[in-house]
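Below, in structure tokens: the form predicted on its own, a single chain.
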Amino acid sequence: MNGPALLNLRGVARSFGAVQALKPLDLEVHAGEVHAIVGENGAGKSTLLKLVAGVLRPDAGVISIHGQTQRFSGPKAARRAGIALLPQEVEVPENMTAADCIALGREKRGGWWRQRRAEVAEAQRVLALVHAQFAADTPVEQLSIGARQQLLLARALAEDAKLLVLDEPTSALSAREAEQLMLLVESLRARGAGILFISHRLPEVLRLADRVTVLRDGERVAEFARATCSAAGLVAAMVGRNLPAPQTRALAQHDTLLQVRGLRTAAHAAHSVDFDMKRGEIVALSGLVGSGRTEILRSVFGADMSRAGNVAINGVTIVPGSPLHSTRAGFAFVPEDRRADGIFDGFSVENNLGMSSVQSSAGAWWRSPARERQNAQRVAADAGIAATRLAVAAETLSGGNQQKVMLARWLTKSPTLLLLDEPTRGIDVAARAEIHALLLRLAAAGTSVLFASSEMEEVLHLADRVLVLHEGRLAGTLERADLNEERLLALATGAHAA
């Protein structure tokens, strides 16, 4: 290994009620090493990171830092021991500057007064170490997600963290921001930091990791050194079963289903977008972060009011800004943030699946709970949700299963047009393959699918046609026969226009 053992786990385990999320586990991270943890959603990865970062306490086993046994009372105790957690969902106080955020809880004082000049100087020093392109006095609310990632890493360096715990750090970043973050991780490793790293993006794992531990059902099933690690070997160890085979299909010539004319979103009011979709067609909205993908999806569904334009299905114009009218017309929308906008916390999976039926029967004289339960069981099976999970709280499911719940909820209404924003963000390879197979089955049965994705591989695999956006305008359309990564990137970056 590159350096002395920094973190040691011996027999560490954690249960939640009758569910053993992490079985007794041994694991090490050395100074100057990137140790990646991979596995399907629900394999125990996040539980492991929370134990290391002091968010959770183990039921059994020992955690040691530099050979000293630790019993963290909480995240602050873990930080004092030199551990810094960079969570998947970046949460930074917005009502302060970058320097204030870096100094938070460690304010420099001389008597009664804060030494603001010293705090700013320290912030500038650590921001330079992470190659940040913003000043210490920049308000946090002005920073992009990628810049906020840099800010949290700078804060960790200011706290003299020796172990960085990174949970899906690139999941919400653009390709350029993700590349900058990976360069930064490589730089921190060269400076002697130990890094515990979770990612569903296997190319990142293969690039960065000196060692990879594979978890399945809360148990370590394999460990790979860099020299013996391959994408095929990781997938085989992660899944432990055969994945759905990639499907190919010939697109039939169907009638036009959706027409979008002169659509101007609030975020990009200077540009209008026109496009059509055929019945049973899969169309991708692609482009860099900020290109307008999400805004177009939300405007088509009516979740956001557009500045101009109209949306018609089967030649009938939909009332603008009305999700209810869109839903009654056969639209279904799965948003990007499943926790904030999709899953009903405190309700079982079965109750979540029945929510669309509750909405559609609002004001009706009667409902049939038995029929709703039957529908929930049917669509759960179609989406690959185990019957044993129907009674559990939806928020306790893994990310992949939560995404399946959101999809299955709409399947109870047999939608004509399915809109999805980042359909497999933060989802493991097995769940991604299952969701892709489901979308292809729906399209083959006549459902049109319009999705936005920042995953190039997903766009190339699923789309019959790609609408490439650049700064709010339609830069070009690529048919499947003409689709490749080079052409897509050229349009997305503005290097070429249609």
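Treat the numbers as computed from the prediction; the structure is a model and nothing was measured. Basically, rigid core = biggest C-alpha set you can superpose within 1.5 Å across the two forms. Each residue number is its position in the shown sequence, starting from 1.
Unshown form predicted together with a small molecule; subsequent notes refer to it.
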One residue of G32, G54, G42, P58 in contact with the small molecule, assessed in the predicted complex (non-hydrogen atom, 4.5 angstroms):
G42
Looking at A21, A475, L488, L25, which is the one with a non-hydrogen atom within 4.5 Å of the small molecule in the predicted complex?
A21
Heavy atom distance at most 4.5 Å to the small molecule in the predicted complex, all of E295, R389 and G399:
yes
Since only the chain is shown here, I'm wondering whether S448 would be in contact with the small molecule in the predicted complex (any heavy atom pair within 4.5 Å).
no
Do R279 and the small molecule share at least one heavy atom pair within 4.5 Å in the predicted complex?
no
How about R79: is it within 4.5 Å of the small molecule in the predicted complex, going by heavy atoms?
no
Does any heavy atom of A267 come within 4.5 Å of a heavy atom of the small molecule in the predicted complex?
yes
Stretch in contact, per heavy atom within 4.5 angstroms of the small molecule in the predicted complex, of 153-161, 389-397, 376-384, 405-413:
389-397
Answer yes if the CA of G280 moves 2 Å or more between this form and the one not shown after aligning the rigid core, and no otherwise.
no
Could you check, with the core superposed, whether the Cα atom of V212 shifts 2 Å or more between this form and the one not shown?
no
After core superposition, I'd like to know whether L56 moves between this form and the one not shown (criterion: C-alpha shift of 2 angstroms or more).
yes
